[in-house]
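Following this are structure 1 and structure 2, which are two forms of one protein chain, each written alone as structure tokens.
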Structure 1
């Protein structure tokens, strides 16, 4: 979706402000939100693409005004409601009013290593790769209203395939609960002038990781 989360190339947000000696968390609740999100994901309540989509679907003013983990918390509440895992009267009451629904699993202390190492998103290839390293490709001019990982700033632009990462879970499908729908994944490199015009810094090159359905021959 064309949301405010798709920030590449926007102006006006100001300087980057690194925080010296930044703590891992700035409040105890941030840590609980991060861990709850991981635990519910491991339990099979949702996949990583659904959780990203839940944050992107926050109203733009809420997204921009919220801290990172507040976005996580708000997105998580929304997913719990949508999936019927928690009801709104329970959120209002601050306690469970009826038993939980069955999930695939439950993260116990013995299973922690499983969530500390990333899972694999690679899948067997259903078809040969359409593009080779060095191929010139154009990022499609596409604007799905649902989750996608093709940023707006490359759409319609021509780049070169630099790496092929194999076949991976396709986020656009997985976010909708439509299964893995594996697609070839490429690193595509663009000259800054192709993205930002003739005045762009000629020494800058930018790449994205693009799934095959995002690309067409150029």
Structure 2
């Protein structure tokens, strides 16, 4: 979707300034938010692409005014409401007002290691890869209303396939609860001048990972 989160190449936001010696969490509540998000995912309430989409759907003014984990918290609240796992009065009260609802899986101590370890999203290939290393491809000028991992600044631009990573869960489908729908994943390299015009640094190249449905022959 074309949301405020897709900020690559946008003017007016200034340069990225990393925080020196940045801690993993700036406050205890941030760690709790991350733990809750991962636990609910492990219990089958949602997947990683659904959680990303929940943050992308935040109103622009809320998104820009919120810290990283505040966005996580707001997105999680929205998913809990949408899936009927809590009611708005419970969120307002800050506690359960009625019995909890069952999830797909029960979170047990034995599952903790799995929760804390990033899983593999590789899947068997349903068909041969369409593109080879060295192929010139164009990122489709697409504007889906739902979640996608194709950055807006490369859409319509021509690049070259650098690497082929095999087939993986397709985020655009997973975010909608439509299953894995495995797709080939490529690293595509773009010249800066292709992305930013003749005034761009000619020595700069930008590489992105792009799924096959995002690409077409150039």
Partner chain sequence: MQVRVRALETILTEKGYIDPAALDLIIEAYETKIGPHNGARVVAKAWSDPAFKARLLKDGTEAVNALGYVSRVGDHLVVVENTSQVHNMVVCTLCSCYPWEMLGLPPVWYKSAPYRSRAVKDPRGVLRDFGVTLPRETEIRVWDSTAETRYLVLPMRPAGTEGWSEERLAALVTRDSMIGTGLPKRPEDVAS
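Keep in mind it's a predicted model, so treat the numbers as computed, not measured. Think of the rigid core as the biggest set of C-alphas that the two forms share within 1.5 Å after superposition. Positions refer to the first chain, counted from 1.
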Looking at both forms of the chain, which one is the form predicted alone? 2
After core superposition, I'd like to know whether residue 198 moves between structure 1 and structure 2 (criterion: C-alpha shift of 2 angstroms or more). no
Can you give the C-alpha shift of residue 16 between structure 1 and structure 2 in Å, rounded to one decimal, after superposing the rigid core? 3.2
